[in-house]
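Quick setup: one chain, the form predicted alone, written in structure tokens, and binding and motion questions come after.
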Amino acid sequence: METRTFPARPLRDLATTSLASTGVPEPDARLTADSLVQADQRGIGSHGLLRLPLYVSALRAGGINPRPTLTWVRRHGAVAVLDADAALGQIALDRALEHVVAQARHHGVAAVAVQNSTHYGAGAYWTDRLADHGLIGIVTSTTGPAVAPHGGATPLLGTNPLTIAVPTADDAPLTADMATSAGAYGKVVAAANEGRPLPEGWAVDARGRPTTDAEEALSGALLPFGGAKGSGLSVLLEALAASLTTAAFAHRTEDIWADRGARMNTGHLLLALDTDAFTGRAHTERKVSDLRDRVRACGATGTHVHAPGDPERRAAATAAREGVPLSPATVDLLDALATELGLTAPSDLPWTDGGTDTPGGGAT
């Protein structure tokens, strides 16, 4: 299904105003909006504006707290525990990131475990910010129950994402940002919205039979990537993201996709390593740049090999020139939300700006 492109600024404004309409303070709304639009710019539509109507309805229903009181439950040297009071996950991660940056500078390494949170968007939004500070960033999270362990048929685990970013000397960081399910849950939702089949091996139906039907997958379970290896990684990431706090395991949560008023008590773990505390930032970044260059150059004649993060950054460069790509199903969801709030719907935008903040030619 063909995507359409839209100017970035009005999309951010629509998301900001929509979130603010539920009582979210404007700075928090704008930060969250920026994370969603950036995901779409980077080609990660599963974590982009597709999520905005869900956030808004959950804020209205009480599943997400628009004005939380974030509390440090424990601070012990380089380690801290943050209670997010059911905040937007972006707000919780922003607070956690400020803490790990400061503490990593002091201790060389820092970690914040977060409890009582919600979805934080694409993990690269956070780890790349750490890389901008010269820090190696790692983040993982619990989610709602969606994934059957290897050999199982019951959605016991979350999609349990893992994101790692390592800074380089002369380019964007090397970044891997992935769910431990064969496909991200948001991609399955998008496929269901658009009537598209799933790739084989992504899911089973409610009876445990392999399916490529996205609706059947949502009623059944996703599968881990890589069979037993991905399943084992998913279990351990869930343990890391939940067991250090009072956060809930996936099988003990009500998914906010099914109940907008559910308090999911999502857990995150954010870690930062200060490269200056090891062999020095310049040394680390030179070595990582060399590794990146060798990865890119190792293909057969006439082929190109991507280093981690390359496809997303190429997508962002295209979006900067041509506009933010959205699927028709996502556009329909945003149009409905905008109409409800009396805002300009994406489909009614009279221009596109090639993704920048300056109006340009006709809509595409």
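Throughout, rigid core stands for the largest set of C-alpha atoms superposing within 1.5 Å between the two forms. Heads up: residue numbers just count along the shown sequence, starting at 1. If you're wondering where the values come from, they're calculated on a predicted model, not measured in any experiment.
Beyond what is shown, the protein has a form predicted together with a further copy of the same chain; the following relates to that form.
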{"query": "A190, A111, A172, A262 - the one with a heavy atom within 4.5 Å of a further copy of the same chain in the predicted bound form", "finding": "A111"}
{"query": "The single option of L240, A214, A86, V101 touching a further copy of the same chain in the predicted bound form, heavy atom within 4.5 Å", "finding": "L240"}
{"query": "Candidate stretches 117-125, 89-97, 190-198, 153-161 - the one whose heavy atoms come within 4.5 Å of a further copy of the same chain in the predicted bound form", "finding": "153-161"}
{"query": "Contact of F278 with a further copy of the same chain in the predicted bound form (heavy atom, 4.5 Å)", "finding": "yes"}
{"query": "Exercise: G144 in contact with a further copy of the same chain in the predicted bound form, heavy atom 4.5 Å", "finding": "no"}
{"query": "4.5 Å heavy atom contact, V305 to a further copy of the same chain in the predicted bound form", "finding": "yes"}
{"query": "Partner proximity in the predicted bound form: G230 to a further copy of the same chain, non-hydrogen atom cutoff 4.5 Å", "finding": "yes"}
{"query": "Contact test, all of H76, V79 and H106, partner a further copy of the same chain in the predicted bound form, heavy atom 4.5 Å", "finding": "yes"}
{"query": "Those residues of 271-293 which, in the predicted bound form, come within 4.5 Å of a further copy of the same chain by heavy atom", "finding": "L271, L273, T275, D276, A277, F278, T279, H283, T284, K287, V288, D290, L291"}
{"query": "Per-residue C-alpha change between the shown form and the other one, V204, threshold 2 Å, rigid core fit", "finding": "yes"}
{"query": "Large Cα move at V100 between the shown form and the other one, threshold 2 Å, rigid core", "finding": "no"}
{"query": "Exceeds or equals 2 Å, Cα of L88 between the shown form and the other one, core fit", "finding": "no"}
